[in-house]
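Structure 1 and structure 2, given next as structure tokens, are two forms of the same protein chain, each shown alone.
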Structure 1
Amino acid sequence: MILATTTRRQIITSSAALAGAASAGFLATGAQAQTSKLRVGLMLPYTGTFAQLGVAIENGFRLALNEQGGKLGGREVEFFKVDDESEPAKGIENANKLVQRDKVDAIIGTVHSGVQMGIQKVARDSGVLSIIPNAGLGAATRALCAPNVFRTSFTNSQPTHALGPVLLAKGQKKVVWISWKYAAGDESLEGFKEGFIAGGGSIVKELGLPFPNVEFQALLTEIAALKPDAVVCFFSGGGAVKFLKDYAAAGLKGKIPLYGSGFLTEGVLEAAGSAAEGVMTTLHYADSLDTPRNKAFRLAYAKAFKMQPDVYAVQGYDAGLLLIKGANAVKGDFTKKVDLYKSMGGAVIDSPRGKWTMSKAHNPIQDIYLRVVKNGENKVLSVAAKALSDSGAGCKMG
């Protein structure tokens, strides 16, 4: 689960982008529906805190398909959309609407890990193809993995796993960990421990507070007293902005280096201002990746939607690329499930983030980049982990 704040202007801009897509003929309507069309369900957040993320994912997904003439395996596509509201209690009900009512051939969703648990159950029970464009819960590609479920984003543990060796190389062996106490925070900590403790590092204190509490002062006072070599954290969205500002206001910035999962500084740099400068993070993408592939993607996205893409747009785009690979392999015949899943599982995705492949548990094996905030941008310093794979522990495809 990733938290991000959405301003009124962002919602209006995002809505305008989708409206533009609709006027250009990208959105199929019921009157246009034909039996020969592939039916794709988009189960994403379109209202609330995660609305901006849902729009970015859909835009990226549509861009990939539009580059193929709007078709999958030669077949026209009809879209069915459900606003999941980032409400876990409605996850199963909403996924069932797409499967039972709309008879979709594939579900693309979602952002919130709690909602993803609902999609996961429906996908496993019904056998419908499911592509996860964001939600990082480990179970989806571990104990609850399935042949028909694929992810194009990350597990919560992947970005922070790459942080451990970075700190050790700098001689920072005693750290404090701080995050919200919920699944994404816990799984991020798990990843960090895997990459840090095995190399000789130690976590002198694990600090946590309930999600989405942002009263950090007492914990920052404790950090100052502990005097660790560094602080490592998982926060995102509005909570990340508050933490970055409070960290600086407490006098810790410049004294104790701050590191985090890339979502700490993703989409919040303008709001965080100078408090974010110099903060290092690890993530599977950065806007500034200096490659022809990334530059071409960013230009095409900006032209199509009149806005700049982010990591969520990349993950949506890659979901489209993955589905295209599978659809082309079976010439649009989604009843050929064995061949469809084999093609998707063996795909090499030429992504703006860099080429990546799929693990046996259907999670990306991908490079994780070390980034530093410089002049209000996440600048890439190096590849922190090459072709990093999640463990896939407990995954049994059957």
Structure 2
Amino acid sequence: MILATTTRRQIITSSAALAGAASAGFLATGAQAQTSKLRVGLMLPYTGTFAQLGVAIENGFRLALNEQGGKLGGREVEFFKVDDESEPAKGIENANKLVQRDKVDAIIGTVHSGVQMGIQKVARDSGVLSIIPNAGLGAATRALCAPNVFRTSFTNSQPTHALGPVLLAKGQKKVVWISWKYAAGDESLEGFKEGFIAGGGSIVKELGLPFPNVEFQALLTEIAALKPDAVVCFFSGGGAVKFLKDYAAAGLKGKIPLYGSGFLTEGVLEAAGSAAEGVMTTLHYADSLDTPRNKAFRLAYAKAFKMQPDVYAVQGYDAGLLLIKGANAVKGDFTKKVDLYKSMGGAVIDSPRGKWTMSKAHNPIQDIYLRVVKNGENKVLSVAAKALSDSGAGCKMG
């Protein structure tokens, strides 16, 4: 589904204006770079189990820009939107709609790691600037890294890296892992294993189901029979709500402690209600972070969008901050790629999550928090990992 924010009439008007300017000889390339609107493509899920994640990312991104008067490096911004439906099979085609048809200067997207693979290919082939505001696909900032690709979120193994020691400290050594079977689930498991197996933990069973299925019943029955010390999972969005509710309804809540990559309890707390209370997770953000930066962000977001922000809103906001930094460094001239990428690569982002820096492979180096859901809020318990960076293994910036 295509959601064009520009009406046909506007396109015709602006291309007519461009034609006029060209014939009047105004469009020397440098001048065009400075005066025409900057074209920003949003490739996000607006339907399906991750629909709310897409909306939160767009809201956060727009908030950052609006705080700068809606401009990037002095240029007005025109948005082009594609609903990627979290459908990996359409990833390349959808990214090409933005790059080839809409001729965007930058793509902001996406949420789903499988779809990100398509964007990554298009970004590498076309050289268009790509900012990843969620998808944790490791390869994007490892073997398939690129000078024009930057991430403001995480690699899938980062949030779960610090979770193992939390369980081990409680004597919970035998666990069941459960997630959707695709890159995000698999790589979250890898991250969990890093801190859990080495410390003496064992995973008695790895359970999985295809994305975005939510038929959890048989798997929950199996968990009950296995009687592990704890259950650890990766689920997100609509699927996370269903999992939390089904876990409680199956009578497992309160009997077998449930942990997760922190996405389990992001953007879902109202819908999940009491089923989410007490669930402990690790993530690079928490609602309750007691800093002026986070409080100001939460207030501004709630005021602008009449809803509470979550980690996705923060990642979208930070994508905006990063793009603003780059655009200011080149005064809106995106043809100055070397300077643009240098500025973005050296970014220190003053984020609601806390300050973070960009690794050489263009992935955040950031703190990971241990959180618990209390009274419908993700509350910080401690910093589970300080300035955690991803290995960036295999990344060579060509």
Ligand code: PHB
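Here the rigid core means the biggest group of C-alpha atoms that line up within 1.5 Å when the two forms are laid on top of each other. Residue indices: 1-based, along structure 1. Here the structure is a predicted model, which is why all the values come from computation and not from measurement.
Remark: structure 1 matches the stated condition (the form predicted alone). Core-superposed comparison between structures 1 and 2: the CA of E215 exceeds or equals a 2 Å shift. Core-superposed comparison between structures 1 and 2: the CA of G251 exceeds or equals a 2 Å shift. Annotation: Cα of D310 displaced by less than 2 Å between structures 1 and 2, core superposition. Look at A276: with the core superposed, its C-alpha moves 4.3 Å between structures 1 and 2. Lined up on the core, G267 has its CA atom moved by 3.4 Å between structures 1 and 2.
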